[in-house]
Ligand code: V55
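Take a look at this one chain, the form predicted on its own, written out in structure tokens.
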Amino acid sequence: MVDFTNGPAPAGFLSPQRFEADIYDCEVEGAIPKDLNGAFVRVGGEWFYPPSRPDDSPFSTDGYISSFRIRDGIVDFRGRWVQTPRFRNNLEARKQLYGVYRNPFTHDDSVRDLERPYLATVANTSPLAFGGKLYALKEDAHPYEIDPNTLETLGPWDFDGQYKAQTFSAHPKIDPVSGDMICYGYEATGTCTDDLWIYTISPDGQVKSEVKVKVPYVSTLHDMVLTQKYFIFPVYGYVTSMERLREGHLHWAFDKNMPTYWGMVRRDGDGSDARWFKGPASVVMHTINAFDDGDKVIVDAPISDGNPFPFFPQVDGSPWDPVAARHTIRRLTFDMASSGDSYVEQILDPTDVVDLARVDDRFNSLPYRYVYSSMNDPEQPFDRDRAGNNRVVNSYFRYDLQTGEWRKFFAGDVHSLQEVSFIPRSANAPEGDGYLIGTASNYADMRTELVIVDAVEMEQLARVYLPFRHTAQVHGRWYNNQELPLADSPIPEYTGRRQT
């Protein structure tokens, strides 16, 4: 029995499961498109052992990776813990040895390592497929390579020693023109350092460039955007310091008085001419896309005016502000021909949306038209008697940047959706012609459901039912069988012969 007296036990749908699973031939309602051949991979976390303190962040939960393998209209599910050193150390000790979020000073003496804080990673944030390999990412350490079929943890990966930063972001970008991956580490030379190291890596795993810059202040560089000319990084009001960590606090707190900076780093340069544009306080935890427009750079992102995470405290001790936490889709314009350091910010629509927005990845870094994400549509019903007092995100949406049109898909009156992924119908299909895929939490029936939606009509094509509620997702991505060496059979080393 696991004792949660040192921390809160999540209740209801989010209560710990603490198991791995294999489900073959999942129950399917509707018809899965026959052209889908790949896997929807999710990375998230839950507490295998309770947190050491009740004020710890949910970002400290143990990493869990799962996969819905789809082929010929059939779905097989697999879920596994990400076997980081932290997970194994806890399991050997049969208790939680680690302290609060990204603070090595709060860990048990037996695992405290101030020189190598990345050993405490939980690899619980996002999946990445690149160069035929699958990784689980968290921005405080190197990627952890995962077998794409068994989901076995193969260990940390540094691209054969070519990647020198101590950390690797949860949101690298793939350039659809070159096929290169743009990745980076912030706090790249150690805890609370102001070093940002940016890498361009070819599809065969070779580092093509390493660019080093300093940030205006140490902040959460959780995501970035890319154009064909620039690497672009937002720096915003989450702050930290060694003094803060020595006092035993979580790694981040929000300072509403800190300005937002956007760093423009030329892709063909060495970082010495990096420019930082300054704007009002905000949070840009995730981005949408960016592109070049002559001498201007256009950046789209779901942005909030304040702290979106109530578990990260305010520096001034003020209470969390749910109004300032709302996200709206905004467009920022940077004039690279000017000598100033300001930019123009426009709210494209006042609708409150979830900041986990996606585009058709074939248009990453290029002019594009459609944004996909999720929202809680207040016009849709919610059966609180059956579903309980849970957080609700009931709809996916497609937002047309050219016309301002919204198209929505409603998941159900007892459901809450997690991050959506877009799948093009074919390699040459027009932008937006394809499918949306993601999971929904069915609070009433206590199960997780995979939803597949036509991305143009925003109508459901199929729903896949797991016979249990699955651990929470942070990020999920679709990868086809060209991007990963996915087996046709769930049976390892299947020969195609029937046993007799």
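The first residue of the shown sequence is 1; numbering continues from there. As the structure is a computational prediction, the values presented were derived from the model and not from experiment.
Heads up, the form predicted together with this ligand isn't pictured, but that's what we're talking about next.
Student: Taking 4.5 Å between heavy atoms as the contact cutoff, choose which of Arg330, His286, Arg71, His415 touches this ligand in the predicted bound form.
Tutor: Contact check passes for His286.
Student: Can you pick the one in Arg86, Arg80, His222, Arg267 that has a heavy atom within 4.5 Å of this ligand in the predicted bound form?
Tutor: Exactly one residue meets the criterion: His222.
Student: Heavy atoms within 4.5 Å of this ligand in the predicted bound form: which stretch among 295 to 303, 397 to 405, 318 to 326, 118 to 126?
Tutor: This holds for exactly one stretch, 118 to 126.
Student: Any chance Tyr135 has a heavy atom within 4.5 Å of this ligand in the predicted bound form?
Tutor: Contact with this ligand, no.
Student: Should Phe309 be classed as touching this ligand in the predicted bound form when contacts are defined as heavy atoms within 4.5 Å?
Tutor: Yes.
Student: Could you confirm whether Glu139 comes within 4.5 Å of this ligand in the predicted bound form, counting heavy atoms only?
Tutor: So Glu139 counts as contacting this ligand.
Student: Does Tyr230 make contact with this ligand in the predicted bound form, using a 4.5 Å heavy atom cut-off?
Tutor: No, Tyr230 sits far enough from this ligand in the predicted bound form that none of its heavy atoms falls within 4.5 Å.
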